[in-house]
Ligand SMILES: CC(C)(COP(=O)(O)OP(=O)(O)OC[C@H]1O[C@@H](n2cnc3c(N)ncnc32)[C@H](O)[C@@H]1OP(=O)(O)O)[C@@H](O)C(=O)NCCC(=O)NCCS
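The data below hold one chain only, encoded as structure tokens and taken in the form predicted on its own.
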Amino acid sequence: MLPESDTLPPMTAPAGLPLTMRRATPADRDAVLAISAHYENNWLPYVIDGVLRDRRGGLYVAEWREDDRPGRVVAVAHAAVKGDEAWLEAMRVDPGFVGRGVATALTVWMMERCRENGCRWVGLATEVTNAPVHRLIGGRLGFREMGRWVWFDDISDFEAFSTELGPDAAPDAPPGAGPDAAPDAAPDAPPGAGPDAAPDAARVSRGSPEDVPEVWDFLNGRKAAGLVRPEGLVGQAVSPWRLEKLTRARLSRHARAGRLFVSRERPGGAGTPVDGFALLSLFPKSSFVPGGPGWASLFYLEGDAPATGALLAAVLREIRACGRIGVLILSLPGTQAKRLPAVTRSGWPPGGQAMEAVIYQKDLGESLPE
């Protein structure tokens, strides 16, 4: 464990910068929020009280000190630590100090703290358009690019398909037919088939811990075939904007909590091979607005087009059945997000603007820049 904030010694920055890095305290709250307000994706005010209490990771600041004047907080960032993994987030630098090496110094210092805290690797997600961070993280600091992640916020339309198909609506579609085929590959596909039609959700069942070994083997096969990227990561059940390692133990916990949905190759085909799975969290009460509508998070959706469509149909049916869900959030690896247009009607999901991020990781066993 890292020391508490009053015993964690501040450290100066390398390269002669007049910086001191330290753990943030409640006295820094106003300065931190003032810096964060300069950024469009300004979510820090909603979580600052919680992260100030974080003792395993922490909210850290960089103070600029020169000419014997009082230190000025010029940057802030948070390290979210869970097990042996750490995620760096909320890096914010005062616009007047951008380009002076502040972000580099604070990031390296935080990585050292994470390593001291027993973390084996550190990750970071940044929007694809954030060129300065890509230069810093993927360039100077040597993080490895793992792939892209996509979030769709504020989806209030739970009808991803224009029609509902029965279990026997399309049993005789010719080989190669369906949304993954070329436009003229299936001229004889039955009416109603195609990306605007909902597959039969009867092939999907709620997963149990007994399904986990088969689901885990299915996922590992997909990873080995290069079909999952970034591999080995998943959104968090209660905070889909944050990622964590997808381990078998975590998958089992999701199954025990009723979040796992499993697709098999034949409708109602218990005992037939798994060909897809989804992870869904339902929150009938708003976590943000007292008395507001609940929300749902679909934070994994793995499988080829037939399974993905069936899983999505089953998940949306579950959301509608709850009756108290007003918003859906999708948190998906880039490979999964790319499959959505093949199984949904045109323009779905129609919610808030999607955010696409590049995911980086670095092994903390490697040497860090000085």
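Note that residue numbering begins at 1 and tracks the sequence as displayed. As the structure is a prediction and not an experimental result, all values here were calculated from the model.
Just so you know, the form predicted together with the named molecule exists too; it's not on screen, but the next bit is about it.
For the three marked residues, T104, L136 and R140, a heavy atom of each sits within 4.5 Å of the named molecule in the predicted complex. Contact annotation: G291 falls outside 4.5 Å of the named molecule in the predicted complex, judged by heavy atom distances. Within this chain, V93 lines the site of the named molecule in the predicted complex, having a heavy atom no more than 4.5 Å away. Shown alone here, T126 lies within 4.5 Å of the named molecule in the predicted complex, counting heavy atoms only. Taking the partner from the other structure, the named molecule in the predicted complex has a heavy atom within 4.5 Å of a heavy atom of N130. Contact with the named molecule in the predicted complex, defined as any heavy atom within 4.5 Å, is confined among 84-92, 247-255, 208-216, 109-117 to 84-92. With the partner omitted from this view, the residue of R100, R266, R72, R222 that lies near the named molecule in the predicted complex is R100 [heavy atom within 4.5 Å].
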